[in-house]
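Take a look at this single chain, the form predicted on its own, given in C-alpha cells.
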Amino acid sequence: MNTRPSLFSLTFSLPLLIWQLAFFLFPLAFLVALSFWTVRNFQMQPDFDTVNWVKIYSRSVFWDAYFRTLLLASASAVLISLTAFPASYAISFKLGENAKRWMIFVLIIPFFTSYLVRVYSLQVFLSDAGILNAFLGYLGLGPYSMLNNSFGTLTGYATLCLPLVILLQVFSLNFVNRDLVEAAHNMRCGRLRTVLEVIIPSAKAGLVIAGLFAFILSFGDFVSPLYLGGGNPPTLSIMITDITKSGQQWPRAAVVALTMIATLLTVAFAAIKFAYREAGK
C-alpha cells in the first residue's frame, strides 16, 4: 500500500500550512524574540537579555494572577460542562430530529451578537439595583453583590462558552451507539447508571474536548474579568494590558503571553491524551 502523500493532497494542504506559518508560528517566534528585548527611554531595543523573564517571574503579583486565572478557568470549564450536559443529553436523546435542529439553531443565535454587548447587558442584570436583584427583592431576598467579583467573572465566562460547549457535547452524544444504551436498559440498568457507565464513557472524547474549549476561552478572556469581575485583582489578560500601559513594556507583556500559551498547550495536550486514552491503559 502506497502511503506517500500525492502531489494533489500536498497542494490542497498547502493553504493550511501557509495559514499556520503566517498566523501562528511566525508571530510566536516574534513573541519569543520580543521577550528578550529591553526598553530604554520608552523605546524598545532589540537586545538579548533575560531581564524581562527574571522581573516577571520574581514578582508575586504575577504568580497570584497566574493561579487566579488558572483557578477561574478550571472552575469555568467544570461548571459549564456540568451545566451543559443535562441540556445536551435532552437534545440528543429526548428530542426528535426536527426539534433537535431548532435547538441547535437557537444555540447558534448568541454567536450572531457581540460578546462585549452581551457582557454590557449582563451588567444591567447583575448590578445591585439590576433586574435580577429587583426580582429577588420581590421574593424578600437580597440584594446580592454579583458584579466585581468571581461570580460576575464566571457568569461572563458562561455567556461566552456555554452555547459552544452544549453544541460540542450534542455532536459527541449523537455518535453514541444507541444499541449500547438499549442493551443497558434491557439489563435493567437505571437511567443514571446508564448515563454514567455507558453514555459518558462512549462520548468521553467529545465531552473532554468541549470542556477544553471552555478552559481555553476562559483562560484567555479579557472582557468578563474586566467588566464583570472588576479587574482587580487582575487576571493574566488584564495584566498584559496593564504592563503595556506602564512604560511601553511590551517585552514583559510578551513573557506573560508566552506563559499563557505554554500553559494552554500543556493543558490541551494533557486533555487530548486523556480523552483518547483507552480504558485500562
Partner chain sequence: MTGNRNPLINGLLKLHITLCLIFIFTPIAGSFVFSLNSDRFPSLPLGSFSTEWYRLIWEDPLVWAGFFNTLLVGACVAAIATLLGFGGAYTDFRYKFFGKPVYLALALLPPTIPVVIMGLAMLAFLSRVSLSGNVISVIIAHGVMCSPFAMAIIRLRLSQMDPDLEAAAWNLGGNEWVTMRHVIIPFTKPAIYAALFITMAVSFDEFAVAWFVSGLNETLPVKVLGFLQGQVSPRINAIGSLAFVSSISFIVIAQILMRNPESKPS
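Rigid core (definition): largest C-alpha set, two forms, superposition within 1.5 Å. Positions refer to the first chain, counted from 1. Keep in mind that what you see is a predicted model, and the values were worked out from it rather than measured.
Same protein, other form: the form predicted together with the partner chain, not shown, and the subject of what follows.
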Sort through 69-77, 203-211, 140-148, 176-184 and report the only stretch with a non-hydrogen atom within 4.5 Å of the partner chain in the predicted complex.
176-184
Is it the case that residue 98, even though its partner is missing from this view, gets within 4.5 Å of the partner chain in the predicted complex, heavy atoms only?
no
Residue 65 within 4.5 Å of the partner chain in the predicted complex, heavy atoms:
no
Give a yes or no for residue 220: in the predicted complex, does one of its heavy atoms lie within 4.5 Å of a heavy atom belonging to the partner chain?
yes
Under a 4.5 Å heavy atom criterion, is residue 269 part of the interface with the partner chain in the predicted complex?
no
Using the arrangement in the predicted complex, list in sequence order the residues of 103-118 with any heavy atom within 4.5 angstroms of the partner chain.
103, 106, 107, 109, 110, 111, 112, 113, 114, 115, 116, 117, 118
Threshold 2 Å Cα movement between this form and the one not shown for residue 25, core superposed:
yes
Residue 23 and residue 77: do their C-alpha atoms lie closer or farther in the predicted complex than in the form you see, with a change of 3 Å or more?
farther
